[in-house]
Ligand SMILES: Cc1ncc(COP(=O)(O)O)c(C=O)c1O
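A single chain, nothing else alongside it, follows as structure tokens in the form predicted alone.
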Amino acid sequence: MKKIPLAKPDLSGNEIKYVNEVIAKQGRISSSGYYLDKFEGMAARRFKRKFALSCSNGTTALHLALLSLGIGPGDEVIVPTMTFAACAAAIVYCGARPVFIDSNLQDWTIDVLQLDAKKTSRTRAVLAVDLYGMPANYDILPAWCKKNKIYLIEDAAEAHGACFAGKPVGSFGQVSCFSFYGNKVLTTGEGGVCLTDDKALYNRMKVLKNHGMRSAGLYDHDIVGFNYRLTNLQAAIGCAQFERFNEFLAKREQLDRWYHEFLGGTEEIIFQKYDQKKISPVCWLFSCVVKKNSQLIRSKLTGKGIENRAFFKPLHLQKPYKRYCLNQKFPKAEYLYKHGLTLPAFIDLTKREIKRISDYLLASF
């Protein structure tokens, strides 16, 4: 029986051609070169920002975003507890305190109705996550942050190509961050990008990611910086991926339709609820909520050769972060963790395979 992985990249475009070109013709395989400049330009144009800065992964993108905004010791950053650990880790790297906030049960993103209760005199930023391909509530978040003089950082790592009110994710907030890890909609293997319309923030991040050096002076370090650079080889792959972005999105939309065709109308399965006239999510990994505890269902699917995942374990339940939220409760995030199920989604997944996945899932109830 053929196993179905959760995700796999499609590298059947110009990836090999461009990588070979870097090796054979350019020789610039490290942190400068033609494809790095091209990749950043493609990202800025696609996500409608003035500036794009490539970096080594999505976590370093978040760290650069926070540092560029001056987030440091004594500051607080509101962040969903239902997200990947990199979000809280980047805050802690800065010496700041993550303030966890619950999710809503409609689209699973940050519960904006709890923002006022989480805000203190030390709150400097909200780190909003476009979770499982779904944009956060950008009707509320930008206005709330502006009113309270708080920065908005967007983590769009899981939502390449999603849109909110006609604007692409990655175009909200003072800084927005993407990951290009191997399971993302677009990949460079490892990689990230920071997007902003603020030239001063862009320049600050550019120095921070490059050992604290300004381009005008080699080995002239103005500040203590980091080596958070992407390579020209990785950027070459990224350029080939961007060339096929629309194709990838169309196929993922088809995957989503097939899953809904086979699973829709089943009372045991709940999908994200959202305003379809305003919001266009992207099918990153196909995610749903099952009314039963998902652990047994996941085990049955694994036994049939279908790779799957639970939702992210809420950060307030994890050892490094428990101390930031003692005696606090996040019932919606814990419900999503207990009942969430993530299913395979990748470009060459067939309708027949999705039917097989769906049949096994329905038979497991």
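Residues carry their position along the shown sequence, with the first being 1. Since the structure is predicted, the reported quantities are computational estimates derived from the model, not experimental observations.
The form predicted together with the named molecule exists for this protein as well; it is not shown, and the discussion that follows is about that form.
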Exercise. Using heavy atoms and a 4.5 Å limit, would one call residue 308 a contact residue for the named molecule in the predicted bound form?
Worked result: no
Exercise. Does the 4.5 Å heavy atom contact test between residue 124 and the named molecule in the predicted bound form come out positive?
Worked result: no
Exercise. Can any non-hydrogen atom of residue 269 be found within 4.5 angstroms of the named molecule in the predicted bound form?
Worked result: no
Exercise. Contact between residue 202 and the named molecule in the predicted bound form at 4.5 Å, heavy atoms?
Worked result: no
Seminar exercise, completed: Partner-free chain; cross-checking the named molecule in the predicted bound form, the single residue of 262, 84, 274, 144 with a heavy atom within 4.5 Å is 84
Problem set entry | Position in contact with the named molecule when the complex is considered in the predicted bound form, options 62, 336, 315, 43, heavy atoms within 4.5 Å | 62
Seminar exercise, completed: Partner contact check in the predicted bound form: of 84-92, 103-111, 288-296, 239-247, the stretch with a heavy atom within 4.5 Å of the named molecule is 84-92
For this session: Counting only non-hydrogen atoms and a 4.5 Å cut-off, give the residues of 126-158 close to the named molecule in the predicted bound form.
Result: 129, 155, 157, 158
